[in-house]
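The chain below stands alone and is given in structure tokens; this is the form predicted on its own.
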């Protein structure tokens, strides 16, 4: 049996998504046995950037010329390109200040007066190349990554999930933080799959998994405004992980 060749790479990101693989402690031996990790700079030295891959799993937003070059190379060399994590799919935290005027001043605040960096506003991978599959999350869930790897072995893709965090809250019989406690929770418009981990502990959903398909953003905004929340605060919360919401439409 020929082992599928994998690339696991990062663009502008914190590397937390790549760590998801290394955190699959119980499955790492099987992953190493079943796959050929040809390109994985974070996990091993001697990676081959010029190889051809069955799948490239890439985290991070695109914000530098080096990001673009690496992304184009992986796209051209891979049968399957996977956007891995919220930054890769939506821009994520890296892009939350894209609309702030004066990018030069923002760069100075981060890197100091002597900092020199060639960059542009962080953007999702899909703005530059075609994406074959996506796993959202900040960081992604281990079970989502393992499902993808199992599907690659079978020559297919995992089924797409499309339900909000609220569905998982109700299945766990959690108290609704938005309707019953009056807190600013984004659960109705955020992609589920995390088993409502935060609301189950009394913490509102901050939207780290990005929007669920066909999210009724306008209705969520109206509901939050009716509950007395300030619009600027609502938009600030919503843009933390997904900067480009359309507040007047259903996604």
Partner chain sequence: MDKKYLKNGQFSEFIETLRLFGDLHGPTMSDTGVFAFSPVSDPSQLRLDYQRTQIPPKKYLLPFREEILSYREGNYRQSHHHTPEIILFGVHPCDLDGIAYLDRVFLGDSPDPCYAGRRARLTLVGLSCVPDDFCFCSGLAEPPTCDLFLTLQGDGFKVDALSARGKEIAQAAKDLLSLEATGATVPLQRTGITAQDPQLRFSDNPLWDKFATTCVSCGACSVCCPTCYCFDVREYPSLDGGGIRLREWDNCLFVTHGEVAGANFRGSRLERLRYRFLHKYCGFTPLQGMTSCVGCGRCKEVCPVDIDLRELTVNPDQGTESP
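The structure displayed is predicted, hence computed values, not measured ones. Numbering follows the first chain given and starts at 1.
Only in words, not in the display: the form predicted in complex with the partner chain, which the text now covers.
Participant: Has each of 34, 153 and 223 got a heavy atom lying within 4.5 angstroms of the partner chain in the model of the complex?
Facilitator: Judged in the model of the complex, 34, 153 and 223 all sit within 4.5 Å of the partner chain.
Participant: 96, 131, 77, 147: which sits within 4.5 Å of the partner chain in the model of the complex by any heavy atom?
Facilitator: Result of the distance check: 147.
Participant: Contact with the partner chain in the model of the complex for residue 211, defined as at least one heavy atom pair within 4.5 Å: yes or no?
Facilitator: Contact check for residue 211: no, nothing within 4.5 Å of the partner chain in the model of the complex.
Participant: Would you check, heavy atoms only and a 4.5 Å threshold, whether residue 112 touches the partner chain in the model of the complex?
Facilitator: Looking in the model of the complex, residue contacts with the partner chain do not include residue 112, since no heavy atom lies within 4.5 Å.
Participant: In the model of the complex, does residue 179 have a heavy atom within 4.5 Å of the partner chain?
Facilitator: The answer is yes: residue 179 has a heavy atom within 4.5 Å of the partner chain.
Participant: Taking 4.5 angstroms as the cut-off for heavy atoms, does residue 216 touch the partner chain in the model of the complex?
Facilitator: Yes, residue 216 is a contact residue.
Participant: Have a look at 104 to 112, 84 to 92, 154 to 162, 122 to 130 and name the one stretch with heavy atoms inside 4.5 Å of the partner chain in the model of the complex.
Facilitator: Heavy atoms within 4.5 Å of the partner chain in the model of the complex occur in 154 to 162.
Participant: From first to last in sequence, which residues of 69 to 90 have any non-hydrogen atom within 4.5 angstroms of the partner chain in the model of the complex?
Facilitator: Not one residue comes within 4.5 Å of the partner.
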